[in-house]
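Single chain ahead, written as structure tokens, the form predicted on its own.
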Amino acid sequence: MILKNNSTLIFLGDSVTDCGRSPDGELNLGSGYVNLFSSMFRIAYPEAGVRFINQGVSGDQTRQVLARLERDVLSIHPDVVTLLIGVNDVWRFFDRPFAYQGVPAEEYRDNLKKIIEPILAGGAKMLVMTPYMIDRSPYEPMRTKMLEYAAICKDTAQTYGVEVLELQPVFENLLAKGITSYELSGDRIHPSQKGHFAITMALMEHLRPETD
């Protein structure tokens, strides 16, 4: 996807995106992939003049993103929006199983549609990143469910002609090369600096400058 000069790019998501960003989403982009990507892009393409805004909120599921969509995205009229959401929709089934805070699969699909449609209707392009778990074990039940939701995410995005970045293969390729899950994430969800750099490198392949 081409990032046009002087365009506005919003990163929308949960804690993986948030990473301690400032409340306005722009003064301090946090310590994760949003900051790394914006820094790398700025240094590599200083003439592009892209404005970066971090609208990640720790703990968010698709429900919360949908509730704040108008305020945090639509009212800003961005040119491009990246979306990384779904980890907590799944995780809550496992870390809080008696609170019933997980988002059922069909609701997850419906929420994604309700997030994507108004963003596209507003004229923005989108890049959707799929939820992941940094684990290769076929016996891990949360990984199995995360793969199911990642497939829903990919299918839904492609239905709207939206570009997709699958993150599970990004991490599994690194695991296959001998990088341990503990190097990439302490809890197999929240990336370490190496994990954030892996996401950043993948994003750099998908988001290119107008002058490229």
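It should be emphasised that the depicted structure is a prediction, and the values quoted were computed from it without experimental measurement. Start at 1 with the first residue shown and count on from there.
Below, we refer to the form predicted in complex with a further copy of the same chain, which is not included among the displayed structures.
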_Please determine whether His77 contacts a further copy of the same chain in the predicted complex, using a 4.5 Å cut-off between heavy atoms._
no
_Quick check on Ile189: any heavy atom within 4.5 Å of a further copy of the same chain in the predicted complex?_
yes
_Does any part of Asn35 reach within 4.5 Å of a further copy of the same chain in the predicted complex? Heavy atoms only, please._
yes
*4.5 Å heavy atom contact, Pro138 and a further copy of the same chain in the predicted complex*: yes
*State the residue from Leu66, Val162, Val50, Leu147 whose non-hydrogen atoms include one within 4.5 Å of a further copy of the same chain in the predicted complex.*
Val50
*Which residues, if any, of 164-193 lie within 4.5 Å of a further copy of the same chain in the predicted complex when only heavy atoms count?*
Leu174, Lys177, Gly178, Ile179, Thr180, Ser181, Tyr182, Glu183, Leu184, Gly186, Asp187, Arg188, Ile189, Gln193
